[in-house]
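First, one chain by itself: the form predicted alone, in structure tokens.
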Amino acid sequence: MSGSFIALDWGTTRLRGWLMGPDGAVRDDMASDDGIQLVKAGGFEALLRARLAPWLAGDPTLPIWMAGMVGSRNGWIEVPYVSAPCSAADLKRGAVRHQLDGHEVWLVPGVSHESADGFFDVMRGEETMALGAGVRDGLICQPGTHSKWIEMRDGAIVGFATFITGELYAAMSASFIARLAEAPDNEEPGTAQGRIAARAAGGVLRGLFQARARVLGGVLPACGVKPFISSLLVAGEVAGAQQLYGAVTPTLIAAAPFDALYRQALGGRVTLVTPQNALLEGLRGIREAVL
């Protein structure tokens, strides 16, 4: 399959799009704060027409491929999950097709997985990036609100685990234990102490209270509270992933500031792929997969 197409990443809070040329290069791009949580029922088609108008007008048959929460139960059209293990061809087979003024719209499905220990897991959007990260056999880490650690084998997703690191950071930063925090954040003392606390006996739940206690004890400056919490939680995530997968060095799909934070937690030994490159390569691979 060849030709130009529109690639969309439509998440909870953001809409990002790229006009892809037949050679695979980005010809144009756009971004807006039109996340699915802000789109009223029945408003998705009108919003697409408005945001993509110049591209759609330039080619009346230009197809649209999109990934992310737009295919969730709270999105535009719910797309059933595909069970892991799954390949790019499996995701293409599970994609839902729609028509928008003569343009074919394809919504990529998310992926579900039940681990050997009975944990059920789901993801939407991360599966497309994982398939575009260039990892045929190995482990991928995608930081975020719900961080994903994804196992790849023979170019397919065979399993994954979710860590709610970003969501827990947001909750803890607004909680009583962070009430003594002062701006601006000072990364140096907080980050270093957070990594040390994550390795202490008692685990993350014991370590979190240190964000308050160390300030009261004069050990941690108030400007280091939030960096302490962030570092502690990321280190705890990495430790948990290593319990599941062993001391395997993952490929990291991340941008600032997560890239530096996770590099430190992983000892600096990572291959870094940008989320945009992974997403675009993933959508291209799914679109061109042979069924």
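Remember, predicted model here, so these are calculated numbers, not experimental data. Residues carry their position along the shown sequence, with the first being 1.
One more form of this protein should be noted, the form predicted together with another copy of the chain, which is absent from this view; the next part is about it.
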Just to confirm, residue 244 within 4.5 Å of another copy of the chain in the model of the complex by heavy atoms?
-> yes
Is there a non-hydrogen atom of residue 94 within 4.5 angstroms of a non-hydrogen atom of another copy of the chain in the model of the complex?
-> no
Within a 4.5 Å heavy atom cut-off, is residue 186 in contact with another copy of the chain in the model of the complex?
-> no
Taking 4.5 angstroms as the cut-off for heavy atoms, does residue 240 touch another copy of the chain in the model of the complex?
-> yes
Report the stretch among 150-158, 131-139, 102-110, 167-175 that approaches another copy of the chain in the model of the complex to within 4.5 Å, counting heavy atoms only.
-> 167-175
Taking 4.5 Å between heavy atoms as the contact cutoff, choose which of 233, 67, 225, 48 touches another copy of the chain in the model of the complex.
-> 233
Kindly indicate whether 25, 53 and 87 are, all three, within 4.5 angstroms of another copy of the chain in the model of the complex, using heavy atoms.
-> no
Stretch 171-209: residues contacting another copy of the chain in the model of the complex, 4.5 Å heavy atom cut-off | 171, 172, 175, 176, 177, 197, 200, 201, 202, 203, 204, 205, 206, 207, 208, 209
